[in-house]
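We begin with a single chain expressed as structure tokens, specifically the form predicted alone.
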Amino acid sequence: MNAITQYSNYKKVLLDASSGDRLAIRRGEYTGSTSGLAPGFVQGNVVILPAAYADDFFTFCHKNPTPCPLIAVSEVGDPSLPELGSSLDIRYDIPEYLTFRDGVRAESLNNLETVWRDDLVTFVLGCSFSFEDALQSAGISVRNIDSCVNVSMFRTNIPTTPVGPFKGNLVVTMRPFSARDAIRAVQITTRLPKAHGAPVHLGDPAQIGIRDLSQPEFGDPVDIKPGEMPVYWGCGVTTQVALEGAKLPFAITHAPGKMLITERLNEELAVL
């Protein structure tokens, strides 16, 4: 068996193993966080907005690649994303969607049947849940997965680069590690720029405008044990803050922590 055949078989085994998660989401049977689901596969943040704003948002992602690492863009009005999976349908494949109207969160939905429009463009951005898989594969414990909760997410005082109507401060995810594991986590995530890459900060939360690590704005709090330090990565929820600032008449995102599971392998996006 040659290397190409071995790789194809390996990917098929992983895809078959994750199909239960994907089907459960599409059928509306699973609506929780996707952290720890579908090991080995790329997960994505999702922003869906009218085509009239797509160019500015594309440039916003380009100018802010750490929180907004773009991995796919759909055709106008097309709910499929063939480069991320032959069977993906963005209207059904996320556990929970949020709509924004004039920059304000309006409603939570389990599918987009009632709000889908022919002028919508879907943007998919890399997610830290992909690097969580890499950390676990390296034997590093990830607290939110071990605790069966969503990752902690915080607004910071770090500004993004504004483009057109899109602006706002960076949102970060936080995971606590021992000093030894934090060093290894930096090394591993640096190889994954399409999953937010290296951390943006380590240690004192006050230096980036976070007042209380027990009170995340999004997700769930996690315990920080003696001898551990908080480590912070750029987060795709930054785009939701940008939507608040843009005040578009209509937009859609995933709910924080509830991502699109693709058919791309994490290792396909790694920088060696």
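Just count from 1 along the sequence shown to find any residue number. Bear in mind that the values here come from a model prediction, so they are computed numbers and not experimental data.
The form predicted in complex with another copy of the chain exists for this protein as well; it is not shown, and the discussion that follows is about that form.
Practice task
Only one of Ala106, Leu202, Ile140, Leu109 comes within 4.5 Å of another copy of the chain in the predicted bound form by heavy atoms, so just point that one out.
Solution key: Only one option qualifies, and that one is Leu202.
Handout entry: in the predicted bound form, the residue from Gly209, Gly28, Gly227, Pro39 that sits within 4.5 Å of another copy of the chain by heavy atoms
Key = When another copy of the chain is considered in the predicted bound form, the option within 4.5 Å is Gly227.
Handout entry: All of Ala179, Gln187 and Ala198 within 4.5 Å of another copy of the chain in the predicted bound form, heavy atom check
Key = All of them do, each having a heavy atom within 4.5 Å of the partner.
Practice task
Flag Ile183 as yes or no: does it have a non-hydrogen atom within 4.5 angstroms of any non-hydrogen atom of another copy of the chain in the predicted bound form?
Solution key: Result yes; Ile183 sits at the interface with another copy of the chain in the predicted bound form.
Handout entry: Listed range touching another copy of the chain, judged in the predicted bound form by heavy atoms within 4.5 Å, from 190-198, 73-81, 129-137, 93-101
Key = Selected stretch: 190-198.
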